[in-house]
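Just one chain is shown here, as structure tokens, and it is the form predicted alone.
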Amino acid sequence: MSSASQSRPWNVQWLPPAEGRIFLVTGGNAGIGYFVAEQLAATGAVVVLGSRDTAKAAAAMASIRSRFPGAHLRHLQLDLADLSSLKTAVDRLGLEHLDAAVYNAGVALDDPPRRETEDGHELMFGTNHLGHFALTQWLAPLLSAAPTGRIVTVGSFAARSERLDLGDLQSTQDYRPKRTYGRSKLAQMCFGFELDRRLRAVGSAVLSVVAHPGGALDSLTPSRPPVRVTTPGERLLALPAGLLVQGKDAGAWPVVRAVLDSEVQGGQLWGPKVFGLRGTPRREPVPSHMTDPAAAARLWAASSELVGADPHLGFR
């Protein structure tokens, strides 16, 4: 990272203007994705909320407009668990370019049984990783048409302790929900780093960046009715946890910086400053198991085959 980027302060409450730019946030109707959308909307950009649920997207947009009445918002009906629907969804955007796509949407299951998508893929791996992998090939022309297109993949702190089982990517032999979730997020992060290597190899101007929210709890998150209401009792009980983790509003900060900061570079990892769990965003070292070229190549080949995608994902 350049010395300028290291010395220049980044104020999470005073973001650079982004009028005229267009950002897509998958899963922008709730959780981290909602706060990413809210914070990006404050910059004057057009923010497209990708969401399966029209009513939830409408509620999220109403909440954002209550804080920023002039916000430029759109909803894109997007179901990452239905691969056949993705091209049609992108076509409905009707855009000539897209400045950034934030790959945030995800499914997290806590208990068995193992579930599958419409395409027969394990639900968390299929939605969190394969859905975004497949979406990339349809967004590629729009991102390439932007002056400085970016893909920001939202990973998870949980991925640090996981390792991919390349022989059982879909957990058909040994399904444990929390581990399967962690591995799906690890697959996303490996994809983000590998994508940037491939973009650089073909001379693309599009960047692929990975960010994670650290430890982000609903109980430490400010209320955004009707999207989410945090009661005073919940916040009081969560105060001790606030020494180590944070709310989802703060969890969005590294993602937003990865989208907006002109000095962020492809292949970087951004997360919270304090132990990677809370605080303002900073660049982090990338763990070696997320950039193993042999594992990344096998994951890429398997993903391409599973979704029936062009191995180049539209970037040449």
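All residue numbers are counted from 1 along the displayed sequence. The structure presented is a predicted model; accordingly, all values stated were derived computationally and were not measured.
There is another form of the same protein, the form predicted in complex with a small molecule; it is not shown, and what comes next is about it.
**Q** Between the options E122, E162, D79, D196, which residue brings a heavy atom to within 4.5 Å of the small molecule in the predicted complex?
**A** Exactly one residue meets the criterion: D79.
**Q** Could you check which residue among R52, R65, H289, R282 gets a heavy atom within 4.5 Å of the small molecule in the predicted complex?
**A** Of the candidates R52, R65, H289, R282, R52 is the one lying within 4.5 Å of the small molecule in the predicted complex.
**Q** How about K273: is it within 4.5 Å of the small molecule in the predicted complex, going by heavy atoms?
**A** Looking in the predicted complex, residue contacts with the small molecule do not include K273, since no heavy atom lies within 4.5 Å.
**Q** Going by a heavy atom distance of 4.5 Å, is A30 a contact of the small molecule in the predicted complex?
**A** Looking in the predicted complex, residue contacts with the small molecule include A30, since a heavy atom lies within 4.5 Å.
**Q** According to a 4.5 angstroms non-hydrogen atom cut-off, is G149 in contact with the small molecule in the predicted complex?
**A** Because no heavy atom of G149 falls inside 4.5 Å of the small molecule in the predicted complex, the answer is no.
**Q** According to a 4.5 angstroms non-hydrogen atom cut-off, is A134 in contact with the small molecule in the predicted complex?
**A** No, no contact at 4.5 Å.
**Q** Which one, 231-239, 135-143, 97-105, 201-209, holds residues whose non-hydrogen atoms are within 4.5 Å of the small molecule in the predicted complex?
**A** Stretch with heavy atoms near the partner: 97-105.
**Q** Does each of R114, R179 and L299 have at least one heavy atom within 4.5 Å of the small molecule in the predicted complex?
**A** Contact check failed for every one of R114, R179 and L299.
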